[in-house]
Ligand SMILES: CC(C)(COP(=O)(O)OP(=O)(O)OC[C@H]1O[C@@H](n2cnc3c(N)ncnc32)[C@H](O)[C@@H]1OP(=O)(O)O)[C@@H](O)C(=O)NCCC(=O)NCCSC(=O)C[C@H](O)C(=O)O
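What follows is a single chain, given as structure tokens, in the form predicted on its own.
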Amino acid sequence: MDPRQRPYRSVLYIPGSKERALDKARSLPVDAIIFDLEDAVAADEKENARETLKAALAEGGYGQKMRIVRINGLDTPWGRADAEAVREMDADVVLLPKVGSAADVDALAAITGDLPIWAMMETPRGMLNAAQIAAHPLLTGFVMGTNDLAKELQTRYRGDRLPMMTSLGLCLLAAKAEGLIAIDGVYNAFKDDEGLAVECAQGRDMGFDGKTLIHPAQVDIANAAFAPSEAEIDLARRQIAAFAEVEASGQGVAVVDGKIVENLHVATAREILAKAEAILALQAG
């Protein structure tokens, strides 16, 4: 499946050091997994985590889930060894934390070669340089690190995420301009289903492709929020049919539910149907 066409509704963090968690992840209905060597792994477990994760990925069993490995920063004692290890792993993407400039991506690419790179966007400098980071030829995705960003910005928590809007918007603009995947940050209260659903809906409305998750209990809500609804699929089909009918007759203007249907609406409708089909293909695989 083309990485840019596949679903990314649910992107679950899994500790790279925990064999049980790595095994359980094989059966979870997530679209992508971030195998974490950074925050989720204690300092004295860093080296063992690389070997544990390498063995789990070699064993396979993750189906069509996108396999993303988050390494430690290259400015840490573990970052370079992580990058060298990921280069030899059966991974789809390497995720670099705290990216502040395109030079950070260059430094990783010098180690990992042609392996696609995603950037954790979680610092003020990263926000200001989002456009240049997104334009890097090996960069294929952004992941919002909203916890670290909130710390750096010294914001207060708000349910509407108003203090985050400028940063989220800058990264979305940069990602969309370059055709990147854009994944929203985590929702920390993993037992608060209602709050998660609200934040997922907000992220989807803004244009994010999916949400990073910290607990398997969050998966179903994210999958539902970032998938086309039955109503959206039905409308898309009717828009395409109405537009095709008018084009064939060469007369009039296509109208569905009292609204004019133009080329741009048909393009969006086709994207909705393609995404729904990709979700079904992922589930079948």
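The model shown is predicted, which means the values in this text are computed figures rather than measured ones. The first residue of the sequence shown is number 1, and the count goes up from there.
What comes next is about the form predicted together with this ligand, which is not displayed.
Heavy atoms of every residue among Arg20, Lys24 and Asp39 are located within 4.5 Å of this ligand in the predicted complex. With the partner omitted here, the residue from Cys200, Ala182, Met120, Ala130 that has a non-hydrogen atom within 4.5 angstroms of this ligand in the predicted complex is Met120. Checking Ala109, Leu139, Ala91, Val186 for any heavy atom within 4.5 Å of this ligand in the predicted complex turns up a single hit: Val186. Contact check for Pro216: a non-hydrogen atom falls within 4.5 Å of this ligand in the predicted complex. This ligand is not drawn, but in the predicted complex it has a heavy atom within 4.5 Å of Ile14. By the criterion of a heavy atom within 4.5 Å, Leu28 is counted among the residues contacting this ligand in the predicted complex. Within 4.5 Å of some heavy atom of this ligand in the predicted complex lies at least one heavy atom of Arg70.
This chain is displayed without this ligand, yet in the predicted complex the stretch 31 to 39 from 239 to 247, 31 to 39, 61 to 69, 220 to 228 comes within 4.5 Å of it by heavy atoms. Residues from 124 to 158 that approach this ligand in the predicted complex with a non-hydrogen atom closer than or equal to 4.5 Å are Gly145, Thr146, Asn147, Asp148, in the order they occur in the chain.
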